[in-house]
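Take a look at this one chain, the form predicted on its own, written out in structure tokens.
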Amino acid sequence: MKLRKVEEHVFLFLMRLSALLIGFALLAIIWSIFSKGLGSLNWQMISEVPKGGYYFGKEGGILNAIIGSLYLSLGATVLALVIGLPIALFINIHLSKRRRLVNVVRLILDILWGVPSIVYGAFGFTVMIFFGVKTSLMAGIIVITALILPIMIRSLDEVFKEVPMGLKEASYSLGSTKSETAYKVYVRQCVPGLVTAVLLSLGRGIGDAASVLFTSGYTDNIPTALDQPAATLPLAIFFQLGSPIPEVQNRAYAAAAVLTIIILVISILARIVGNKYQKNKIKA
């Protein structure tokens, strides 16, 4: 009994130490970004596109990168949800008794999840060259969709695995089909988890730079069509940090602060929505 108490205290200490280290790392990152970027962050920067001489420290802003990032990430997340939700439901309902096949599918998705984004970008760029497609907003959305689709499916899969078996059996006993059980029972039961999966995918998509560097290109203008190139905040940060001009480098930190704020707002909204629908969840 004494040994168990010692073990409990040791792991409790390690848990608290890990939480403190993670919190410290988060605060250090936020401090380094905001301390350098807030001085350059103003209304002009977030409400205007780059003008002549912007990359030499003159007037202009990053509105093109903000809008481009939102277009790419939201478009890819919606497309990944439309494709991934039926797949996750199919795995947990229609293939629930074929455990070996389900395990193979999950292994493939886990492997795809671990593939670096630069590989997706290079593959997408190769396909674009083969078909003669230019860098564009649509190409960026498709590649980011491919990047976050395994994340979306596996996240939803883990959520659906937690649905009580009794709930599924009760639905069948009332005469519901598998499709009705999937969309009227599983989805309703897992709304908080679904929001979390969407958030996780959106966060990965909006912060990715490697894949869109090859596929969406970069422009100082706001895209008005899917066949036009689009700028993103990660690439704006990358290009501005490479400048030897200190003012431009500070603008890169300001762009990083904007990206951090966007992700923070999305996280808070997702938490609010998740808590709102938590009452619909039936516990086992």
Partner chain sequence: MKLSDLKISRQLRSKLHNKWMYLCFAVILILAPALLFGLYIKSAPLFEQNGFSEVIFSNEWKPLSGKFGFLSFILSSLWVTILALILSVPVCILTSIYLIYYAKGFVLKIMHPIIDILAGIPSVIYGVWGILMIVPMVSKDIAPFFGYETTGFSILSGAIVLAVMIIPFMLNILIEILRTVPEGLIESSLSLGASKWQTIKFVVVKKALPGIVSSIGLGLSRAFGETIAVLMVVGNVVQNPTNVFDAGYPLPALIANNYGEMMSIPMYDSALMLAALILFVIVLIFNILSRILIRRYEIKVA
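Residue numbers count along the first chain shown, from 1. Everything quoted here is computed from the prediction, not taken from an experiment. We call the rigid core whatever largest set of C-alpha positions still superposes within 1.5 Å between the two forms.
Just so you know, the form predicted in complex with its partner chain exists too; it's not on screen, but the next bit is about it.
Engineer: Within 4.5 Å of its partner chain in the model of the complex, do Leu38, Glu48 and Leu74 each have at least one heavy atom?
Structural biologist: Not a single listed residue reaches its partner chain in the model of the complex, so no.
Engineer: If you check in the model of the complex, is Tyr253 within 4.5 Å of its partner chain, heavy atoms only?
Structural biologist: Tyr253: contacts its partner chain in the model of the complex.
Engineer: Residue-level contact is defined here as any heavy atom of the residue lying within 4.5 Å of its partner chain in the model of the complex; does Lys2 satisfy this criterion?
Structural biologist: No.
Engineer: Against its partner chain in the model of the complex, would Pro229 count as a contact residue? Criterion: heavy atoms within 4.5 Å.
Structural biologist: No, Pro229 sits far enough from its partner chain in the model of the complex that none of its heavy atoms falls within 4.5 Å.
Engineer: Going by a heavy atom distance of 4.5 Å, is Ile153 a contact of its partner chain in the model of the complex?
Structural biologist: Result yes; Ile153 sits at the interface with its partner chain in the model of the complex.
Engineer: Out of 169-206, which residues reach within 4.5 Å of its partner chain in the model of the complex, heavy atoms considered?
Structural biologist: In sequence order, Gly175, Ser176, Thr177, Ser179, Glu180, Tyr183 come within 4.5 Å of the partner.
Engineer: Determine whether the C-alpha of Leu26 shifts by 2 Å or more between the shown form and the other one once the rigid core is superposed.
Structural biologist: Yes.
Engineer: Return yes or no for Gln249: a CA shift of at least 2 Å between the shown form and the other one, with the rigid core superposed?
Structural biologist: Indeed, Gln249 is displaced by 2 Å or more.
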